[in-house]
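First, one chain by itself: the form predicted alone, in structure tokens.
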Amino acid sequence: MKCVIIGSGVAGMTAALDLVKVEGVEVDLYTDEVHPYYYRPQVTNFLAGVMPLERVFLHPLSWYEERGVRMHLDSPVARLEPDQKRIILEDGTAVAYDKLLLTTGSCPFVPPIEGVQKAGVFTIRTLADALAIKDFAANCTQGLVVGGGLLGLEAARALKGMGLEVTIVEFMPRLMPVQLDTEGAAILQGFVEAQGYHVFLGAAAKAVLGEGKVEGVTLSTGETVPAQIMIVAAGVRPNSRLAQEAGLSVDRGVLVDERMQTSAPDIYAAGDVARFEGICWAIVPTAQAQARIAVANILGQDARYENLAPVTALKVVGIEVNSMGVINPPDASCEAFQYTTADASVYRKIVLRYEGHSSVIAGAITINDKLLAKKLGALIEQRAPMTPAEAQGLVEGK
């Protein structure tokens, strides 16, 4: 059986390395990337100077080939032909498949900003982006990042690591609006500003100033921020163009069922590009889980995917932030318990869901409490019972 995978991110590589373990399965992976597989979250570590380029790559290209994964770098795909069970590369080469897996990931979203095409404006998604930013930023003293989410804060850290004065502009009224609540975001903002970052909330970049290259940015608040480089990190959108043009069912992502099967026979999708039950999580654990479900079904096993509680665990500008499952009670069926230490250095929150006369832990936030985060993460995954008194005790550190 010949399996073709399009995309070399974590979903594509997870699937490829699992498939080649099975006798009689051939795997060809096509990507427009010019570099071998790298763990995408490490891109900003490289950009910040805390990781050398050679350590960004998990393995050399030969490592994958020795294990049977035929990697085709710098080989963008022009279109899919589901009826013919083949893909067509941009150079015109036709490649037949028995099973096809789409792991084309996502692409950066760039809001409508006047002058955004000027030199010095970047998005950050790939290693090639990071290399271009690193080269350009070497001659800059001030940088501006559009987006105060995970990627935006990491991009800001990277620019600061290169010695630039950095401004963060976030459209929502708080940092990390998806992963944090109001209280947690306020604590994070305090840490961020204490490290010398300038933060504008509830603001948008309206226009890029300068003759041909960035010299400053005008905000929706009317203020102008000087900058010689701007990074747009305002979220991502599923890269579903190939699927859409081939007639597959697409709605803000390639629609898949619980087997990761698309609307076309023998075509599966996993990772950022896949939309299951109305959700594209765009996080690494989901990409890995979906890839493994897709592989099982490609091999004829009946595996079913279930949406996982979103988990974010990382250092944001050097601060331990963990966000798991439901973080804001959606209705009266849930209740939140939270606690902030007197010096505002630690924040803990637990969300319980009431089911009849009992309650289970549904979500949590921790800032600078890695041990509790690990414990709560396991409990959330197990949907463990927890009483309000137990939740209150945990957030208070008892």
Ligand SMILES: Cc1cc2nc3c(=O)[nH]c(=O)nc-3n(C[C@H](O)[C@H](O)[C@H](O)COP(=O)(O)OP(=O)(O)OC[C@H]3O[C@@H](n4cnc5c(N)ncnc54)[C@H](O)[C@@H]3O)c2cc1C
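Small disclaimer: the values here were computed from a predicted structure and weren't measured. Numbering starts at 1 and follows the sequence shown.
Beyond what is shown, the protein has a form predicted in complex with this ligand; the following relates to that form.
- Note that among 337-345, 350-358, 25-33, 59-67, the stretch whose heavy atoms approach this ligand to within 4.5 Å in the predicted complex is 25-33.
- For the options T218, S106, Q261, Q228, the residue carrying a heavy atom within 4.5 angstroms of this ligand in the predicted complex is S106.
- Residue-level contacts in the predicted complex: of L242, I113, L201, A289, one residue has a heavy atom within 4.5 Å of this ligand, and it is L242.
- A15 falls outside the set of residues with a heavy atom inside 4.5 Å of this ligand in the predicted complex.
- Proximity of E154 to this ligand in the predicted complex falls within the 4.5 Å heavy atom cutoff.
- Taking non-hydrogen atoms only, P76 approaches this ligand to within 4.5 angstroms in the predicted complex.
- Residue contact check for G163: none of its heavy atoms lie within 4.5 Å of this ligand in the predicted complex.
- Residues R40, P41, V43, T44 are the ones in 38-65 with at least one heavy atom within 4.5 Å of this ligand in the predicted complex, listed in sequence order.
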